[in-house]
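Next up is one chain by itself, shown in structure tokens, the form predicted on its own.
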């Protein structure tokens, strides 16, 4: 990705301690941001929920925007890790694609509150940092690009190369729709029903044989 990961200065020199404390900050901030929103949450509340003083908090971050960035980056990292762990890259592109879509939709369901948090609050980040956060989502979409390209190469998927990125983005949007429209979709579908219907609709367009 073109945008570099932001380096957040710390007064603490021990990398392991920095990682541990920032994990505490992230977990505390996630719950506060989900329940109160970014703007209504104070750094003092984040410090208290993290288990240390406001002075200690500022040894690990410089601003509340730093905390939001850490939260967004951690959520994207967890999404990508869960998705990659669930995918077995053995088999045809078609087989892997079905597995990946099911895994992605399940991850979106499990992390729905955190996904919503990114889309609702990331606009408060500085422009350069926001570009990086949005680029992390592109890295997740790239997983589907790779799977689609594998399917084209092995003959199990039928798709013009110029439409591969569009199809990968389409899959991302369908997973996000389960989060953004869940209040409506849950009235008519279980996650499994929604997933299988979307897979069927997608494969009508691109599968050579099911």
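Positions refer to the first chain, counted from 1. Predicted, not measured: the structure shown is a model, and the values here were computed from it.
There is also a form predicted together with a further copy of the same chain; it is not shown, and the following applies to it.
Asker: Tell me, out of 134, 99, 77, 111, which residue has a non-hydrogen atom within 4.5 angstroms of a further copy of the same chain in the predicted bound form.
Answerer: The residue from 134, 99, 77, 111 that makes the contact is 134.
Asker: Although the partner isn't part of this model, could you tell me whether residue 197 comes within 4.5 Å of a further copy of the same chain in the predicted bound form, counting any heavy atom of the residue?
Answerer: It does: once a further copy of the same chain is placed as it appears in the predicted bound form, residue 197 has a heavy atom within 4.5 Å of it.
Asker: Considering only heavy atoms, tell me if residue 18 and a further copy of the same chain come within 4.5 Å of each other in the predicted bound form.
Answerer: Contact check for residue 18: no, nothing within 4.5 Å of a further copy of the same chain in the predicted bound form.
Asker: According to a 4.5 angstroms non-hydrogen atom cut-off, is residue 176 in contact with a further copy of the same chain in the predicted bound form?
Answerer: Answer yes; at least one heavy atom of residue 176 falls within 4.5 Å of a further copy of the same chain in the predicted bound form.
Asker: Going by a heavy atom distance of 4.5 Å, is residue 170 a contact of a further copy of the same chain in the predicted bound form?
Answerer: Residue 170 belongs to the contact set for a further copy of the same chain.
Asker: Among 31, 69 and 86, does every residue place a heavy atom within 4.5 Å of a further copy of the same chain in the predicted bound form?
Answerer: Heavy-atom distance to a further copy of the same chain in the predicted bound form: none of the three under 4.5 Å.
Asker: Counting only heavy atoms, which residues in 130-166 are within 4.5 Å of a further copy of the same chain in the predicted bound form?
Answerer: Heavy-atom contacts within 4.5 Å come from 134, 137, 138, 162, 163, 165, 166.
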